[in-house]
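Take a look at this one chain, the form predicted alone, written out in structure tokens.
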């Protein structure tokens, strides 16, 4: 079963509200084996909502709308669904009675405009909303379904959990489940990861997809099967193939961050770390300190005025000297240009040299990126933490 969600509300298009509903619904649909292929956002305009629903009906089996079921004139979902499916709106007396009871329970008088909420498209299946005044309805249209949910997250989640997901399980026969696992790489680009696993990305089940972040690339493996055990087996087999190709490029999985994994690795070896930073302005130390294992930092210094040579050799020398002076098990030196650049959204021009020194030797790297922009710092911090992580693997 293919699905599309339609989030309704001009406030979403203006960026005044973040659409958390669509993300939550996507996660829950996967649990009942429903494939979400499209997500649409549309403002409070009947014509455009109708267009969105009619277009969704050409490519999805089930359309789930959120928002626009309130009592005010800009709540247009009921009217739009009716028009999109060539129906008129009719008053459902049972829903109206339920809404009146809700106001009585709250000890408040019901406004006349709340009557609008009891109107649904003719022939729709009404679903009472016991936690709010916006009833839900399901319209079957030419073998497909339009489900209208309220936009208030608390109400939407309750109705989705107690009414819609059980209904979807019944429609799908409860026979499918979709599971995903994310493997996280860092300090390598998306194109490099893609080159290693291009053929695996052509797999239809499980599917393999890439998601790039600054300094990191996620590999997502998604399987669809009749049982959780079968889906887990499919993922496990594909994960093994991905790990074989990417090796230690993979630093973690799920929501793990590189600083989290690195901090754990330092703690597991009982290593103390010292850090000397220039253009990253102490942010590597901040990230490690934010972890429970962050107390293993014994020295953090910002080198801004006394670094004249930004070379691998100089970075190595500073890291080795810093390790000897502090008595740390591992020391890091990051030397980067500190120009801010002309464009705040662009990578700063410049360069960076870094080194990691341990008892077994010193690793140095040079990169053609520098400066103090968020983009540059994210890349440099990630690569520095990755060097530390790799040093622990060799210990």
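Residue numbers count along the first chain shown, from 1. All values reported here derive from a predicted model rather than from experimental measurement.
Beyond what is shown, the protein has a form predicted in complex with a further copy of the same chain; the following relates to that form.
From the list 261-269, 240-248, 209-217, 165-173, the contact stretch for a further copy of the same chain in the predicted complex under a 4.5 Å heavy atom rule is 209-217.
None of the heavy atoms of residue 362 is located within 4.5 Å of a further copy of the same chain in the predicted complex. Within this chain, residue 375 lines the site of a further copy of the same chain in the predicted complex, having a heavy atom no more than 4.5 Å away.
a further copy of the same chain in the predicted complex is not approached by residue 289, whose heavy atoms all lie more than 4.5 angstroms from it.
Interface residue remark: residue 116 is counted as part of the site for a further copy of the same chain in the predicted complex, having a heavy atom within 4.5 Å. Of the listed positions (131, 281, 89, 235), a single one reaches within 4.5 angstroms of a further copy of the same chain by any non-hydrogen atom in the predicted complex, namely 131. Contact residues in stretch 1-16 (any heavy atom within 4.5 Å of a further copy of the same chain, taken in the predicted complex) are 11, 12, 13, 14, 15, 16.
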